[in-house]
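First comes one chain, alone, set out as structure tokens in the form predicted alone.
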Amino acid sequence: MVTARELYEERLNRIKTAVALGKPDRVPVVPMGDSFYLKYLRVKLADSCTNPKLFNEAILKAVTSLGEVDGIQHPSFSVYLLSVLWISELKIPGRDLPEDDLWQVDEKELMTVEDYDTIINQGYKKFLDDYYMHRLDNLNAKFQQFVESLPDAIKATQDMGIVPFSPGITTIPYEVFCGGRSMSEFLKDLFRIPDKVQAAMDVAIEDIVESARQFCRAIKPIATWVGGWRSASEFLSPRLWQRFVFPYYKKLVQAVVDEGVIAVLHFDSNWTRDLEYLRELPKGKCVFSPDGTTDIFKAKEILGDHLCIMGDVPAALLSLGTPDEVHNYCRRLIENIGPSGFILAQGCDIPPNAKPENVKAMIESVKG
């Protein structure tokens, strides 16, 4: 009988082979469905969204009942992670929303223009510590529970023979500032005070890189997300993107890779225009993970010999399609994007209203 440890090593080798652009014995499947798993188990979102231990237990119970996966992208979750990523307030089920409504980022202009000067003159860490305490109701204390829970969540996942693929998330200053300032005000800043924004970004990226390095050294994850949402090509002119976005991704990705960790480019929205730039990132050390908006077949054409591609079963298909439609789309991905250098997954996240039979069809599709 195969042990959980043997299963884990087999699945890890399958995933690492794909990341290194090799051809594994079959395409690995590594899903993520944070809110879906709770809905599937009929666990109220209010009961688990701020309790990472319960969230890990729910993820493992749900995913093992849906089929045989090689890994999961997040072994645990806390809504406060979203508040950290976008330095924004949240609407939380059971507190601000009905118990089973999906959590929301409550974006508003919390960060001011004057905060750029604070970052430049006093440092990013000092700015964040004060911001978390006084504008986000002591966010550090709330988020600490998630940080402290990660080692146990990772071990619990490994003990079941499943690879906890990418337990951490980091991102560039653009994303953080965009959330704190609000998207409309931040985009105006790029035109009104571009030099000041860039100066603050240059200070912030140093602390972000150091934090990413410390996370990699403490947790020793296989991979970590280097996320992108509003920094996608479709939201910016090439001139602005090349100034305020890509140089910071290059620096952050290189730091993660230098720590021996795979950088998962979890890139939502449409990045098709600038796929060629991603060839400047370390070959065979990163995973390009689009959300169904970027043309994944174009990504294969441009990046297929340079970066592993992961994805990209659309949310709409998982929610509204049939198991046969899901299976057929997955097989198209496996045969045309894979079988080398490819990991099957949903685009972004399995939606909370996905049909369980469709998720099962996605997982089973790697077997033929």
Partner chain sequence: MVSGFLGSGKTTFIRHLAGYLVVQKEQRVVIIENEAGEVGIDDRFLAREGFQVREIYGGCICCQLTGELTLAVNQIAERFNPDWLIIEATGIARPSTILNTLRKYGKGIDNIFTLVIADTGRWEELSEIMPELIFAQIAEADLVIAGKIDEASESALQSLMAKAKEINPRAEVLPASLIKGIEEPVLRRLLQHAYA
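Not measured: the values here are computed from a predicted model. Numbering follows the first chain given and starts at 1.
Heads up, the form predicted in complex with the partner chain isn't pictured, but that's what we're talking about next.
Although the partner is absent here, Leu240 sits close enough that one of its heavy atoms falls within 4.5 Å of the partner chain in the predicted complex.
The partner chain in the predicted complex comes within 4.5 Å of a heavy atom belonging to Arg230. Within 4.5 Å of some heavy atom of the partner chain in the predicted complex lies at least one heavy atom of Trp103. The shortest heavy atom separation between Glu107 and the partner chain in the predicted complex is within 4.5 Å. A heavy atom within 4.5 Å of the partner chain in the predicted complex is found for one listed residue only; from Lys196, Lys298, Arg279, Lys188, this is Lys188. Among the residues Met160, Ala218, Met183, Ile120, the one placing a heavy atom within 4.5 Å of the partner chain in the predicted complex is Met183. Shown alone, this chain has one stretch from 43 to 51, 333 to 341, 56 to 64, 319 to 327 that lies within 4.5 Å of the partner chain in the predicted complex by heavy atoms: 319 to 327. In the predicted complex, no residue of the candidate spot (Glu68, Thr170 and Lys283) has a heavy atom lying within 4.5 Å of the partner chain. Of the residues in 248 to 264, none comes within 4.5 Å of the partner chain in the predicted complex through any heavy atom.
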